[in-house]
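Just one chain follows, in the form predicted alone, and it is written as structure tokens.
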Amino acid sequence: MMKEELETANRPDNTAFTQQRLPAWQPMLSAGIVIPGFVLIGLAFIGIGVALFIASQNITVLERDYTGVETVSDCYKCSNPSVKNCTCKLDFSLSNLFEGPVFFYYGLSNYFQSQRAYGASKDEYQLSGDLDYFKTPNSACSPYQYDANNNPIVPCGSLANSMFNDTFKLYQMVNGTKKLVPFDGKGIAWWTDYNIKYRNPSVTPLKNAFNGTVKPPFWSKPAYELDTSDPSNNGFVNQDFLVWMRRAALPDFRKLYRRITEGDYASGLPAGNYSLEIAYNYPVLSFGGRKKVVFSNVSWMGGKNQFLGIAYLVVGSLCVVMSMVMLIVYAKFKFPEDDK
């Protein structure tokens, strides 16, 4: 009796859902459904591919290498690591309007930001503003955990220490005079990095939070002085710092440096001559790397990316070809049987 009551108590309710009596529909795939389906999918993919490819082709991109390997380059004088505080220039001309908004990137090649130990060399608690980890950084930051005098490094780790530190100023040459092109550096980092992942300590002034600590060895200034023109753009929420800390997946990458969206250049860069002044600080020749600057605009699909459009075209074409193959096979092996 007890056994029957126990089985009744554990028995699922007698409903269509628990007893799996819900109505179900299973498609019956036939040639009349599959072949037109492949054709429609193929045509849709081809249409999207054409739109993506045309949009990509309409995006303007200007790239210039400034590593300084070539002796004719003005940056050649700065490529020697022993040369400090070196400035070089990169001149270029535009024959037509470079439509805006214009995005200005710096690019590095043969630089493996995705290397596991390099990416792990940081202190997440320190970067979230926890003052306890200002005094005792995580051991993962080694060898950039403490300096030679056993002072804690903030921010610690290889990733922060290797932050890109070349700076740029763009001038338009107008009647023999240089006209500064304004850069906009606000909002260039990921929203989640700025608002969630990284935090400054709740200490005012921010400088006091860094008492008893030292800056990373490769940095020329401490974190609380990264942007002297904007007090809110300092510390761990500095836009350039956040962009650098968002690691690239591939060894050849580019990162957003500034936007050109203001004043006389809101609609883009007019045709004419330009000079880019570069404060050359970041060494790359020791590991066979290269440096470049990239000017680009965007479309509704984002930046220039021909691969996406080509991928859609290839897949769409394969679907159409497969539909034709299936139609031939169906006509050859099924039609005679249907006539009987």
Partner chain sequence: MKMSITTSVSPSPQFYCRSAPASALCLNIQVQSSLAAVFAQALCHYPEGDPVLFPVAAHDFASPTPSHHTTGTPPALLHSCLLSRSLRSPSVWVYVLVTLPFPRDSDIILLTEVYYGSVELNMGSLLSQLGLECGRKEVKEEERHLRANDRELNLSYKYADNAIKTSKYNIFTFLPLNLFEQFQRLANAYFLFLLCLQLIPEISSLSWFTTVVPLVLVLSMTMAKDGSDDINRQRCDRQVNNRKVEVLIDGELRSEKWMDVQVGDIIKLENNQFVTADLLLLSSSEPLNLVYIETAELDGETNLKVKQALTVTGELEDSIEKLANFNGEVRCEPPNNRLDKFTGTLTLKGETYSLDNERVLLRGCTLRNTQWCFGLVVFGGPDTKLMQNCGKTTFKRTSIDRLMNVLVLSIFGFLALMCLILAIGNGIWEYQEGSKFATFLPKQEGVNAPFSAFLTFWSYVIILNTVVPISLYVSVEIIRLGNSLYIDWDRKMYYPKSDTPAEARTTTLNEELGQIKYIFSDKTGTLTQNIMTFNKCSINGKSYGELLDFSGQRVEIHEKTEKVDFSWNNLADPKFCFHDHSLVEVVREGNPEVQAFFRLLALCHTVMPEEKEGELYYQAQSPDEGALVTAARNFGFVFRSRTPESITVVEMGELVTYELLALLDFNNVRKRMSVIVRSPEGKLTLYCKGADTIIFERLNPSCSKLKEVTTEHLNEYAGDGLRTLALAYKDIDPEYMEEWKLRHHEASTAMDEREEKLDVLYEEIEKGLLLLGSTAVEDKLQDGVPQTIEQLSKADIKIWVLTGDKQETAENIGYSCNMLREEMTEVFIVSTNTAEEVRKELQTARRKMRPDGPEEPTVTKSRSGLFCLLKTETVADEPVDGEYAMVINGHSLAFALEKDMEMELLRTACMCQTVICCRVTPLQKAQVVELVKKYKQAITLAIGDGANDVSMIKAAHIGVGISGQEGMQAVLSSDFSFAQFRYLQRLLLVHGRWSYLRMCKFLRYFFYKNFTFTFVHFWYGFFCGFSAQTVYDEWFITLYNLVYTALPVLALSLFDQDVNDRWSFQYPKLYAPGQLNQYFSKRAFVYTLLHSGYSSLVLFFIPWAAMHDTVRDDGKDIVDYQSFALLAQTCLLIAVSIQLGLDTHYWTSVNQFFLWGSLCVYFAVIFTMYSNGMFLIFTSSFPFIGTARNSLNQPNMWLTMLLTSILCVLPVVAYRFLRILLWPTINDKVRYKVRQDKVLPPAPRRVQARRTSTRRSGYAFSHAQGYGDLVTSGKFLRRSPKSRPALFSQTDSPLAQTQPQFYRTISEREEPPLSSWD
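Since the structure is predicted, the reported quantities are computational estimates derived from the model, not experimental observations. Positions refer to the first chain, counted from 1.
Just so you know, the form predicted together with the partner chain exists too; it's not on screen, but the next bit is about it.
The three residues Ile41, Phe218 and Met322 all sit with a heavy atom within 4.5 Å of the partner chain in the model of the complex. Contact annotation: the partner chain lies within 4.5 Å of heavy atoms from the stretch 247-255 in the model of the complex, the single such stretch among 222-230, 261-269, 173-181, 247-255. Contact check for Pro81: no non-hydrogen atom falls within 4.5 Å of the partner chain in the model of the complex. A residue is said to contact a partner when one of its heavy atoms sits within 4.5 Å of a partner heavy atom; Phe53 fails this definition for the partner chain in the model of the complex, lying far away. In the model of the complex, Ala117 approaches the partner chain with a heavy atom inside 4.5 Å. For Tyr280, no non-hydrogen atom is located within 4.5 Å of the partner chain in the model of the complex, even though that partner is not displayed. Checked against the partner chain in the model of the complex, the candidates Leu276, Leu62, Val69, Val315 yield a single residue with a heavy atom inside 4.5 Å, and that residue is Val315.
When the partner chain is considered in the model of the complex, only one residue from Tyr76, Tyr146, Phe168, Tyr125 comes within 4.5 Å through any heavy atom, namely Tyr125. Contacts between 16-32 and the partner chain, taken as any heavy atom within 4.5 Å in the model of the complex, involve Phe17, Thr18, Gln19, Gln20, Arg21, Leu22, Pro23, Ala24, Trp25, Gln26, Pro27, Met28, Leu29, Ser30, Ala31.
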